[in-house]
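One chain is shown next in structure tokens, namely the form predicted alone.
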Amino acid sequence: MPPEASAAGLPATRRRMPSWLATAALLLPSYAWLTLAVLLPLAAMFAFSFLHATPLGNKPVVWTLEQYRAFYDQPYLLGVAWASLSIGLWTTGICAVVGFAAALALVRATAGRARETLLILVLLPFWTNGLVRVFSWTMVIREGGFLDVFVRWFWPSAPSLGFLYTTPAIVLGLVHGYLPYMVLTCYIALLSVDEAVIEAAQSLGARWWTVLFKILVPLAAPGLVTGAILIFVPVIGAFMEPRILGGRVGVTMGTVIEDQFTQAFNWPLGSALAFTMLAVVLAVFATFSGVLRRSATT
């Protein structure tokens, strides 16, 4: 403290920490953890993708690009990749329709404690173990399962409705697991819609479908796009639902990559396939980022 300030009885001023230093101190723990838990393993897998064979034992380390020719050398992988993408598109589309409708009902038809209770029910799948959740569906949709028992209470001679080990069964399990993402993102987007805009449209004679498709859907587009990214990205790499609910038809890129690491011990090929799918995901993400930016400026 300067002696003049002390003599005059003025309070001493403290030196403030530079803003960049405070920001770095707050970000350092999270980025250090991301580096240790995400970036370093990714870097190791990226290096493995350029190896000729898994570096186990006394095998020599041989660098090559042959692993990235897998889609050319093994054409069946193109069909597997298309199956993964189609499952991702179906799952994302169903989640968009159902999730937007559920979010709209939460925002427009409920309030107070009822809204909070329903929102908690939407989040319930996040509170259950994923493996238990998927296995529970096998008890419902198998032949002679709970679905068949329920239908035969009303129609004793009804044929079996079981569809376990099919592509719709995989999509059902994925929708159940990832639907809350779409509900939450659409819910947040719809909460920001000004009620006066809807009232003005209704006062001008707009029907409910006009309000829905001309006002609510465009204004909720950022939530729909964000939810689509959060769902599509992990779904195309999912392996638990296809393996349990799909059986022999559940061959996706996720299951192929898992087999390369756990069954074939071909880590270079598994890494190359994983990074190829990552490139596809980044391309999708870049496309939707442009849509988000255009939505934000309009």
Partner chain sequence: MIKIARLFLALVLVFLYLPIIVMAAMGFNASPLYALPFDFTTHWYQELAGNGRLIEAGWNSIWLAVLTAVIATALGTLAALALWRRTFRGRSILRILLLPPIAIPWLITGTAMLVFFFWTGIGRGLHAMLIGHVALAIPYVVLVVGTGLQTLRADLEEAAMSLGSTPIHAFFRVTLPLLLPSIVGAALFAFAVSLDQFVISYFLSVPGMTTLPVEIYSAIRKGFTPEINAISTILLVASMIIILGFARFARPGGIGERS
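Rigid core here is just the name for the largest C-alpha set that superposes within 1.5 Å across the two forms. Bear in mind the structure is a predicted one, so any value in this text is a computation, not a measurement. Positions refer to the first chain, counted from 1.
Form predicted together with its partner chain: not shown, discussed below.
For the chain shown alone, N129 is a contact residue for its partner chain in the model of the complex, at least one non-hydrogen atom being within 4.5 angstroms. Contact between L26 and its partner chain in the model of the complex is found at the 4.5 Å heavy atom cutoff.
Residue contact check for F50: none of its heavy atoms lie within 4.5 Å of its partner chain in the model of the complex. At a distance threshold of 4.5 angstroms between non-hydrogen atoms, L190 is out of contact with its partner chain in the model of the complex.
For the residues L224, A169, V175, A83, the 4.5 Å heavy atom test against its partner chain in the model of the complex is passed only by V175.
Residue L36 is the only one of L65, V62, A264, L36 with a heavy atom lying within 4.5 Å of its partner chain in the model of the complex. Comment: 175-183 is the region of 193-201, 213-221, 175-183, 73-81 lying near its partner chain in the model of the complex, near meaning a non-hydrogen atom within 4.5 Å. Using a 4.5 Å cut-off on any heavy atom, the residues of 101-117 that reach its partner chain in the model of the complex are, in sequence order, A101, A102, A105, L106, R108, A109, T110, E116.
Relative to the superposed rigid core, L65 undergoes a CA displacement smaller than 2 Å between this form and the one not shown.
A44 is not among the residues whose C-alpha shifts by 2 Å or more between this form and the one not shown once the rigid core is aligned; its shift stays under 2 Å.
Comparing the forms between this form and the one not shown, the C-alpha position of S30 differs by 2 angstroms or more, with the core used for superposition.
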